[in-house]
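Form predicted alone, single chain, as structure tokens, below.
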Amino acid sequence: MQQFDMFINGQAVQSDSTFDVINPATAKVFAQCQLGNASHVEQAVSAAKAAFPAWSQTTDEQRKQLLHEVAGAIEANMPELMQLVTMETGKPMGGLNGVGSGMEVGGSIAWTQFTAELQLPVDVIQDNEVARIEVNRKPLGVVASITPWNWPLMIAIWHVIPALRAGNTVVMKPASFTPVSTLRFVQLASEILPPGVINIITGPGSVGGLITGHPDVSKVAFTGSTPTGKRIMESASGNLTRCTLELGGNDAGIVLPDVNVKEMAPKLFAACFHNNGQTCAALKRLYVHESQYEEMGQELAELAKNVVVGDGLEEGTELGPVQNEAQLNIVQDLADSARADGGRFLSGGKRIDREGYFFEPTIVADLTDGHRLVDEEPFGPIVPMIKYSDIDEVIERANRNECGLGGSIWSSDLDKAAALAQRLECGSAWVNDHGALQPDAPFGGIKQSGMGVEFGLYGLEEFTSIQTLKVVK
């Protein structure tokens, strides 16, 4: 049984009690972590606050170098981190189209390296014989990072590295389902960064609430469900704490009638099912023109029936289990609802009879807007395929959903598709792709999918305040 400690002020910290971490491929405990409490929150926030003055005054070159060393530590420990990610999330080491633990750890390295090189330029508004006016970006202070269970290490990197690059210090709280890869990362980073610059506490959601509502926390970065994001925003509002919230998505993909179905079906399948559908920006509502509806359904169903589902540690596995039993029950409930609503199951539809939290990759036809499986985010391996006839109408239907994270248009006419994609009400839109993210392009949602952006210079600026400086000559 592996044991993992919290890290506060550069030191391993234990609690009076622990909690279990379950491998979703076996439904068995494989690790134990410390159960943090209010006293640990106070220690961590105090350590981060004390470390902030010195860290914020380090030079850009110093912070850049240290963050490159952090990237090097992740890379040097990549096999171990990959295994931890697979054991806690269930995602395969390789995965469907290479989307697995290797991508998660490799992406963490790449994002750290790229973000380390970002610069925040001084914006000179006026410089003449009268005065010089410039706008400077300054770090905020202590940043709280609250991360989800679907991409635990990668999303931790998305929060922490830009916060540190801008000169902030950090207190982290990972999801209690998947804390171990993040704990190992912070252990590695703590060997490189000054004490107190990065701290991590593990425990239930109530511990996260204590962090986000703390008066000495200057910003909250949160990725997770919309209801939890609203609670975090409420707890932060008492101190007017800034928030970046990347929340739930129910992304629509619209397939135009000019596509080659056999060529496009594998790309669509991957967009829907990578990480077993457990990605905020996965394609979750697939609208297909009536002229190709049946053919597309047959192609997708064949792919679903032949994809390799199993333990992520086994070679050749493409899709793993649902990460936790509660989420598995949500997927099953939505499948049952779709069946009751007259949905036609082209593949799957039930739990796989083996240990662990496995569910068959499922394609459901003949539902439409207003049915639960279409309107609600399943966050699992089940996708509704919805028929449409008019492009203007389907754009309106896609936009009717309360979420606005991502969306996509699939077509051989790239100019037409790009114009239609810009009509989608979402933070990111793709043509002939879906959910593809990169460290230099901003990503974030609108409507009920959140506020603020991550990645690149736009994301780095979210971890700063503006100070206007005027020097009269």
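Numbering starts at 1 and runs along the sequence shown. All of these numbers come straight from a predicted model, not from anything done at the bench.
Another form, the form predicted in complex with a small molecule, is not on view; read the next lines as being about it.
In the model of the complex, none of the heavy atoms of His159 sits within 4.5 Å of a heavy atom of the small molecule.
The small molecule is not drawn, but in the model of the complex it has no heavy atom within 4.5 Å of Phe185. Taking the partner from elsewhere, Glu377 is found to have a heavy atom lying within 4.5 Å of the small molecule in the model of the complex. The small molecule is not drawn, but in the model of the complex it has a heavy atom within 4.5 Å of Gly248. Taken together, Gly72, Gly107 and Trp111 are entirely out of contact with the small molecule in the model of the complex: none brings a heavy atom within 4.5 Å.
The stretch in contact with the small molecule in the model of the complex, judged by heavy atoms within 4.5 Å, is 204-212, chosen from 204-212, 351-359, 85-93, 336-344. Of the candidates Leu286, Cys280, Val197, Ile363, Cys280 is the one whose heavy atoms come within 4.5 Å of the small molecule in the model of the complex; the others do not. Proximity to the small molecule in the model of the complex, defined as a heavy atom within 4.5 Å, holds among Lys387, Arg231, Arg132, Arg397 only for Arg231.
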